[in-house]
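The form predicted alone is given below as one chain in structure tokens.
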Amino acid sequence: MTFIKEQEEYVNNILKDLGYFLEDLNILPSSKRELGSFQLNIAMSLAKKYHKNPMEIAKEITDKLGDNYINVNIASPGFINFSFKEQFLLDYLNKSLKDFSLLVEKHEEKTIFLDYGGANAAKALHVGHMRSPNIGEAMRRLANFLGDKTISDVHLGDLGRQAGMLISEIKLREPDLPFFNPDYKGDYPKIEYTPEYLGELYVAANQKAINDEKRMQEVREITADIDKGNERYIALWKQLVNISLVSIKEVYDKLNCHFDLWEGELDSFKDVPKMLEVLKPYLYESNGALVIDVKENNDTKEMPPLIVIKQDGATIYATRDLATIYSREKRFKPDEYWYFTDNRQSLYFEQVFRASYKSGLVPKDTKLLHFGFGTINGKDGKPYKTRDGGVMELGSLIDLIGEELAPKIKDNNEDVKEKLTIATLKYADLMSFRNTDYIFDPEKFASFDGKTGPYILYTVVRLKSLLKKSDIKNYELKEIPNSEVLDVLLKILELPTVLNRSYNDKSLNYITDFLFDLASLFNKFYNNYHILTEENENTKISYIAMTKLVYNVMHTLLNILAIDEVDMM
């Protein structure tokens, strides 16, 4: 059990002995450090509940606090301030140096299915694809760290108009390929295209179709044929998807984003008929399409029916999402599903989830959850674009950050540059609360000073250098020699709260904030004291032990954020 949790239980037992009951009891860092390191704000809530004077209740509580609580005082109208005896703190922190799990509040295991990534096959990943894998991967790692079992899926967008676009362009350029011969029998040849060539084909097809209705109609027909099971087109399209996956995986690997499953819409095709059987009692015809009503009596906003099958009998994104849920439920039966996409899809997912519950695709106690996020904007406050106004590819943004960092890196070390580039991008992306839009400024976020990824990694380099140079390897906090060390240690005690807030809100900004605060406190200490040349042996040993503890915490949190450390900068 974590230190603060132990003390909250201790105070709760005091309340019970006094005849009080309070559902939520939190020991918080003090807002007025001169009055004590921690505070309890429970007397006012108890006074309201039990119709008593809050100062009297606070006095009852403080009279019961044991010897480990020092500097206990009450501030009007009933705030209880206190600190902990130094040795009491040291004993706990020394144990956590040997067993890091003492700093973590793990919970009862759940099985969670995470859907993030969402790349469109045969298209280059652009800046808009960045947040889903960054947030999803960090949440997967955090969930695992706190005790959950997870299954993750990239869920490729590998059906739809881009398939029709590419195949129509290939048909135009290479009409003699057997994929376009309805009488062809035998194995289909392997297509030797590169991901770059696929990108060129898509751009060319898109430009032609936009300006030519006849061409666009051909695209629609090919797309519909794939949906209806045209084996020739599907055989070609599957090869194109596999080719495009090469470049998609390269970008995801750079971002340290990994998936248990590399499935997509194509994989759901086989489950559509079975899913439709489940939904059949709830489907009705509307303007030639099959829909399911998902409106509820307590809705305060319009909730349109969900279209499941189009007028022409074709499936759509919702059909395939429902079939995917059907498949996942049959295979994995998770306790919760977490979807990470941008906020604009919130209504769509609400419809899909309601249809899933109503039809019994998932049990009522299974949680289907969508966690939306804001957009990445440029300095003009509009969605991030290239200088000529086009959509910026994610690879181009990574290169842009690398160029910004290159002059600052010692010996122009390429490995360091790559890791710093990704740290810059990921830290900036996770720094804002998940739901909010934010402005991405490469120059600002690539700075070695301030709230940035490079600043955090620079601190880690400093920590590792100190530990390497030190001749002390048996880490033990023997004393708290000054206020700077105390500030660092008290900050570390906040770790369980930070992890739980990030988990509960599905937002990593609490972790990025904590990393910056901890790094700043340590650097303040570092600049004020001579650590390796400290003459007092107990003080020096404590300095190095604190350095090790800070490194353990930062190392753990960076791993959760999927940010790699460096050894030099």
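Just so it is clear, the structure is predicted and the values come from calculations on it, not from any experiment. The first residue of the shown sequence is 1; numbering continues from there.
The protein also exists as the form predicted together with a small molecule; that form is not presented, and the subsequent description refers to it.
- Taking non-hydrogen atoms only, W262 never approaches the small molecule to within 4.5 angstroms in the predicted complex.
- Contact check for T341: a heavy atom falls within 4.5 Å of the small molecule in the predicted complex.
- Although the partner is absent here, G118 sits close enough that one of its heavy atoms falls within 4.5 Å of the small molecule in the predicted complex.
- Taking the partner from elsewhere, R434 is found to have every heavy atom lying beyond 4.5 Å of the small molecule in the predicted complex.
- Judged against the small molecule in the predicted complex with a 4.5 angstroms heavy atom cut-off, the residues Y458, K548 and N552 are out of contact without exception.
- This chain is displayed alone, yet in the predicted complex one of G157, G402, P442, G378 has a heavy atom within 4.5 Å of the small molecule; that residue is G157.
- When you look in the predicted complex, the only residue of Q345, N73, N412, S286 with a non-hydrogen atom within 4.5 Å of the small molecule is Q345.
- For the small molecule in the predicted complex, the listed stretch (110-118, 447-455, 356-364, 462-470) containing residues with heavy atoms inside 4.5 Å is 110-118.
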